[in-house]
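This document opens with one chain alone, in structure tokens, the form predicted alone.
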């Protein structure tokens, strides 16, 4: 058991460091040797845990990236009622984290989707699955908001979900090189104005 725990701890450390490097440099500009150098591990140690760089990246997708997206953009809805209030808070919190992260390089999902598109269908499929979980969660909560009397019943939940996802990814990209604090402020203000247009008029 102790051996298994040690192996899991090593894998988690490898995945965490690997994500940081892939996020900064990109998958195709990062070699296994680059990762090993950061970790101070031998190639033998790497290939003991993973068969290839691709398998290593897939493990990062499944164990870290999905959990990160889930905790930031999906979990906040649990037990809450008004989806607009939840979206305001979770988007603002995620953007605040990005704003204060000196190593921020955009939204991890959209970055990797752009990099792998047309190059690796296996990884693109996994990325699309994470996007789909996020999209379905948004649509489900918007629909619930309509049923519960928070969102106007004529609102197209699918279209709103697409708009929210694309606008969030867009502002994350702009924040990389622009004035992150100002961009976050303006985005959240516009988001709040938009939510007023789809809310039930009281």
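Predicted model, so just to flag it, every value in this text is computed and none were measured. Positions refer to the first chain, counted from 1.
Separately, the form predicted in complex with the DNA exists; it is not shown, and the next lines address it.
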Listed residue (140, 147, 166, 42) with a non-hydrogen atom within 4.5 angstroms of the DNA in the predicted complex
42
For the interface check, one of 173 to 181, 58 to 66, 27 to 35, 151 to 159 should have non-hydrogen atoms within 4.5 Å of the DNA in the predicted complex; which one?
27 to 35
Could you tell me if residue 196 has a non-hydrogen atom within 4.5 Å of the DNA in the predicted complex?
no
Mind listing which residues of 49 to 84 have a heavy atom within 4.5 Å of the DNA in the predicted complex?
49, 52, 53
